[in-house]
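One chain comes next, on its own, written out as structure tokens in the form predicted on its own.
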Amino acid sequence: MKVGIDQIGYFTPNKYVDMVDLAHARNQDPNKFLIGIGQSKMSVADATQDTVSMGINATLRYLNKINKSKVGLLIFGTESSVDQSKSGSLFVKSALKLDPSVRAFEVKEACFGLTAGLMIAQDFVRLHPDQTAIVIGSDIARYGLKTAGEVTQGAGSVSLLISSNPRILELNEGHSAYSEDINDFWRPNNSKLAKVDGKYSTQVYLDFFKHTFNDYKEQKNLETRDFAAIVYHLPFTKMGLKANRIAIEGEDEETNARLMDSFTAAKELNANVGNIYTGSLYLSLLSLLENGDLKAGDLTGLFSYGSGAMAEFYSANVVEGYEKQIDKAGDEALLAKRKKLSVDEYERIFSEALEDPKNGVELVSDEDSGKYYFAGIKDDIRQYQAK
């Protein structure tokens, strides 16, 4: 029985800051951000968009195309949780009006959370082939204004529907996982800003990629040339480019060209949205599906990484007709409709969003009609509603 990704939806807030503007404001050469980091624009979440609202909006992108009565599992992966106890999935489940019988919970391991949920969902569907599972990765990457990590911030969510006989990607059995207890990135309970050792984290990412990629190929008796494409977790696109260069080192010219072309296609959305932590790998996957040159049966490798650190490499095959299940025009429109912020506006909105609203104060969103948003806190309970 084939199990895999049947639907993909993504959402990013309606504001962004341009990397050229940010570079000038920080007295940096724009090419340091555009080429050295590989980012063009960075989505900015105001006080009315959090991980829950973005997760709802990402799932709404495909909800009218599926049978909600078949959903048996909802997993919410995030490292930007809105509550120390209650799962973000329960807020989402309520907004989507899913059946009370749906099992719902939240998982965390830095940027690995969506992949962890995907693996759980895959096993669930194999045991319950008549049911489906929704897995969401939703995050806001915040390192702080005028910090070394500022250019690698962002906000967004990716939602996946996992089913038997999927219409986008068929997941292959098996994986290569690797983990170590290290401190390359973390966020203490008393901080809304992440802590990171950037150079160390990049090196760990590359080391873990080499370990899992080589181990996976050995397990499956595969060569690099067997992959039509490899997609990567992209906290910033230059990091994935470094991993891709490792993958193609020593390969023939055709393999080099194919995997570089597929990487270029896969980085497009991330370069214009920024770092969305748990959803970054799957935004890269969506970008490949929309911009790459894929055909039915093509083997695609996926490298997932979460600091702290956990990595996994696995693969999937492209399903014939996958193009009919994605909404490239809608995805392009979502980015095109964003408002460009001045650096002063970005700094103000960023700082305001770090402060929780006072109890009883209702927030008002400027998102498009139909979009969900965080409306404030009433009686110490978070409120979500549609515009």
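All residue numbers are counted from 1 along the displayed sequence. Since we're looking at a predicted model, the values are computed, not measured.
Not on display, but discussed next: the form predicted together with a small molecule.
Trainee: If contact means a heavy atom within 4.5 Å, which one of 229-237, 210-218, 125-133, 85-93 is the stretch that engages the small molecule in the predicted complex?
Mentor: The contacting stretch is 229-237.
Trainee: With the partner left out here, check for me: in the predicted complex, does some heavy atom of L145 sit within 4.5 Å of the small molecule?
Mentor: No, L145 stays farther than 4.5 Å from the small molecule in the predicted complex.
Trainee: In the predicted complex, is there a heavy atom of the small molecule that lies within 4.5 Å of any heavy atom of N172, even though the partner is absent here?
Mentor: Flag for N172 set to no.
Trainee: Can you check whether K32 is within 4.5 Å of the small molecule in the predicted complex, heavy atom basis?
Mentor: Yes, K32 is a contact residue.
Trainee: Verify the contact flag for Y282: yes if a non-hydrogen atom of it lies within 4.5 Å of a non-hydrogen atom of the small molecule in the predicted complex, no if not.
Mentor: Contact with the small molecule, no.
Trainee: If the cut-off is 4.5 angstroms on heavy atoms, which of these, S287, S315, S307, S262, is the one near the small molecule in the predicted complex?
Mentor: In short, S307.
Trainee: Only one of A104, V196, L299, A116 gets a heavy atom within 4.5 Å of the small molecule in the predicted complex. Which one?
Mentor: The residue from A104, V196, L299, A116 that makes the contact is V196.
Trainee: Do all of Y10, T51 and F76 end up near the small molecule in the predicted complex, with near meaning a heavy atom within 4.5 Å?
Mentor: Result no, not one residue of the spot touches the small molecule.
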